[in-house]
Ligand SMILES: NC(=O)c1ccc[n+]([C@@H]2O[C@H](COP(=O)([O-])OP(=O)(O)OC[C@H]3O[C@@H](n4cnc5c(N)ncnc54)[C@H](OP(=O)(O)O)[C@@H]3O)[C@@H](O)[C@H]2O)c1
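As structure tokens, one chain now follows by itself in the form predicted alone.
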């Protein structure tokens, strides 16, 4: 039985959905965050002095690596060693489907982080989600929708089995609290593959105005990411993922959400109906 879980990135897209799920299961949750507040535990990847107190007494960890860092292994490796010394038995790691794309390769930071996890001595489960639904309503695709009614990507006509962050949290909760997931690598997707143009059409219906998809060259997309504050090496990873999607490598659909969490994966149209308020202009 998992009694205490440290959730790293507890205010992020998956973490803030995972925390209440675990609490509803009766788990004692350490909601790790760089922004301490009531009900949160201070955890900062750049401050190793916060790691020990956050880990003390934890049975399991939901590990989300440092934000916008292409190679997180310098931070994650020592943290995993510290976790084992602290008596943590289980770790569930948020990775990406992008690790599977041939243009990423074994030298990528995410791939190397997965290898660290497998060699850690902890009971591990790796989650590799596809593109998040919430990228349209909470992340880098939202400004274009609000400011220009446009979703600009380098994906061309490639399709993605967009997955809801709440579904990822449901899979993570099962992996953290149930048996049978040790040594598993789960590719977590939604129930259907859509092109970004098709996703834009669904969002148009939900938002009540026309949203279009604009296909842009990879270089333009990378420049836009960097202009928004994304480091160049991390932007290159994002662009590489988009190029793989353009080449037809992101359309894989799996049954992981239903098989692991016991509930069907969320259709994109259902997500868009719930998220419609995010696309309303002031």
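Model, not experiment: these values are computed from the prediction. Positions refer to the first chain, counted from 1.
We do not show the form predicted together with the ligand, though everything after this point is about it.
- Residue in contact with the ligand in the predicted bound form (any heavy atom within 4.5 Å), chosen from 247, 70, 44, 59: 44.
- This chain appears without its partner; in the predicted bound form, the one residue of 79, 132, 124, 186 with a heavy atom within 4.5 Å of the ligand is 132.
- For residue 34, a non-hydrogen atom is located within 4.5 Å of the ligand in the predicted bound form, even though that partner is not displayed.
- At a distance threshold of 4.5 angstroms between non-hydrogen atoms, residue 173 is out of contact with the ligand in the predicted bound form.
- The ligand in the predicted bound form is approached by residue 96, whose closest heavy atom lies within 4.5 angstroms of it.
- Interface membership of residue 64, defined by any non-hydrogen atom within 4.5 Å of the ligand in the predicted bound form, is confirmed.
- The stretch from 211-219, 36-44, 224-232, 251-259 that comes within 4.5 Å of the ligand in the predicted bound form, counting heavy atoms only, is 36-44.
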